[in-house]
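Given next, in structure tokens, is a single chain: the form predicted alone.
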Amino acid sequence: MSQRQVLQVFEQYQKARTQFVQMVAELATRPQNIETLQNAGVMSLLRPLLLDVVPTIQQTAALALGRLANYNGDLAEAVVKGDILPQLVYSLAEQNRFYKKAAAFVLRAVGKHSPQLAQAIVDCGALDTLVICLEDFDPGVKEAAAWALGYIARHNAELSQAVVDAGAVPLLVLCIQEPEIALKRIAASALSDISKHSPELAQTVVDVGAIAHLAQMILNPDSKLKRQVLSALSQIAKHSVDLAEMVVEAEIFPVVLTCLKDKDDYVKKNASTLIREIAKHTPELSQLIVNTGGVAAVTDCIGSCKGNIRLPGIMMLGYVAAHSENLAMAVIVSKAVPQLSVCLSEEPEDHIKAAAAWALGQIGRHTPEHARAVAVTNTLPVLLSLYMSTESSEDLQTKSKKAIKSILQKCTYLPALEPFLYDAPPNILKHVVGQFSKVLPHDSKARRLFVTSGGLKKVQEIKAGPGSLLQEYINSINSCYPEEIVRYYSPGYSDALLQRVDSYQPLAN
């Protein structure tokens, strides 16, 4: 065989390998092909091609493996069991930027599915190599490495700590300062994933100056970057008062409030989440949010969106109101109560209704004035129907019940209470009658209205155990009226009158 023929054989072999990996990489983009590729043993065929002498074949083989591993946990596990990871890690340090991106993609695709698969990546020594890639000259390599590190860190505190111990955090903070938007996004996302598990991990991110750089990007025009920046700041602020104060000290207010009007719903949601995570810690932090117009802005935001986008804002209003009477009044003044009532009535999801019920309870539980502000929006009957509905989730029933009780125990606005005399179950009725027993002795106009509206008659029909708290309340109400009036409205009184008519003998003329 001539030298020319030998070269032709090698060229054909190289062409066939190239066509094979390109075809597999292409087929792996379509979910319907995955099972067939798996059954054909494609993993074992791709593995040797990672060591191919031709760089483009290596890169395409890695890309194909990444697409397969990305599809589901079983295929990702097959990559681990096929002993492919050590080869990827070795090549990651040695090869060109195209291969590095493809190899990092495989590591990310494997690591995203479960803590066990992410641990397998850690165990094969990938973290040190990925961290080295964060210093690569090529922004695409940095991005691929940051993405893989974030996917490993997001599972749990142990994996996140491993990423920190490998030295990733200072380099990720440098990455968010790079000009490329895509790199900024992924680095911010990775910092968020590291921060979320514990105060200690969040502190490692804070210690290398991340907050200041993240805060500067809140007004970046790129919506996807804003999402990640707001998420990272939220994950830092949520852990403790100190961390929340550090985020506030980066002068995020009132700048962050502009994000509540963003055209991107997830920017709105993440901005609301950040404000919620700050507000929950102390009355002082909540007061700062009130002073910058944050409560009014969040209320407007809730009105401009639907579903889960509303949820953090609803909870934020509840947290602010829970701290004190004054803060709850600030929530009322910001017209949040009607907006929360709308969420309670309109939202189809029980967990959002439950959050709205909880928030309304936190607003109304302080004083009669607070309770009235909730009661006049006709919220109490809605809460009662949600509590009594068999279709409501257990959590929604519990939160509705707690909200009703806490509002009723302060409510002296009798027109809102009266319907409850007819509809409420015994455990709620007790609180309603208790409120009437507090108000009626001191309000003559209310006493008269209670008779003419049928309230007094209804109270006489309530069956209460002798010596019970409910009976005490009823006795207290009855003592507000002349005995003959109470007797007149008592069950059976009309029958007794008729019997007296029947037995009455008129005097003969």
Partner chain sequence: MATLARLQARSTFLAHQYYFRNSAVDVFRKKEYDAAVKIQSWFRGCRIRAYLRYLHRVATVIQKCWRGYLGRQHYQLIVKLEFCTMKMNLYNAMAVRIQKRWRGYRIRKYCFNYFYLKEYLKAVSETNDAIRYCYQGFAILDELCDHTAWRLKRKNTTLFPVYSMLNTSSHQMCGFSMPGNLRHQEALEEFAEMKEREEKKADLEREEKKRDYQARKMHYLLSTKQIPGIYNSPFRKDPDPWELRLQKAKPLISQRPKVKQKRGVNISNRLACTSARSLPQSEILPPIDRKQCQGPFRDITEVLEQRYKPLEPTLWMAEPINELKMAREELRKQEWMRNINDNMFLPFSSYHKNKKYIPLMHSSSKYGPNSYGSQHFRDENPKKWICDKDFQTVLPSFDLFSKYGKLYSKAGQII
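Source: prediction; values computed, not measured. Residue numbers count along the first chain shown, from 1.
Although it is not shown, the form predicted in complex with the partner chain is what the next lines describe.
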### Task
Tell me, out of G167, P381, P254, P86, which residue has a non-hydrogen atom within 4.5 angstroms of the partner chain in the model of the complex.
P254
### Task
Tell me, out of S198, T258, S240, T398, which residue has a non-hydrogen atom within 4.5 angstroms of the partner chain in the model of the complex.
T258
### Task
Go through 70-78, 240-248, 135-143, 403-411 and give me the stretch that gets within 4.5 Å of the partner chain in the model of the complex, heavy atoms only.
240-248
### Query
Closest heavy atom of S324 to the partner chain in the model of the complex, within 4.5 Å or not?
yes
### Message
Does any part of L285 reach within 4.5 Å of the partner chain in the model of the complex? Heavy atoms only, please.
### Response
yes
### Message
Quick check on F20: any heavy atom within 4.5 Å of the partner chain in the model of the complex?
### Response
no
### Message
With a cut-off of 4.5 Å between heavy atoms, is A330 one of the residues that contacts the partner chain in the model of the complex?
### Response
yes
### Message
Going through 72-98, which residues have a heavy atom within 4.5 Å of the partner chain in the model of the complex? Please give them in sequence order.
### Response
none
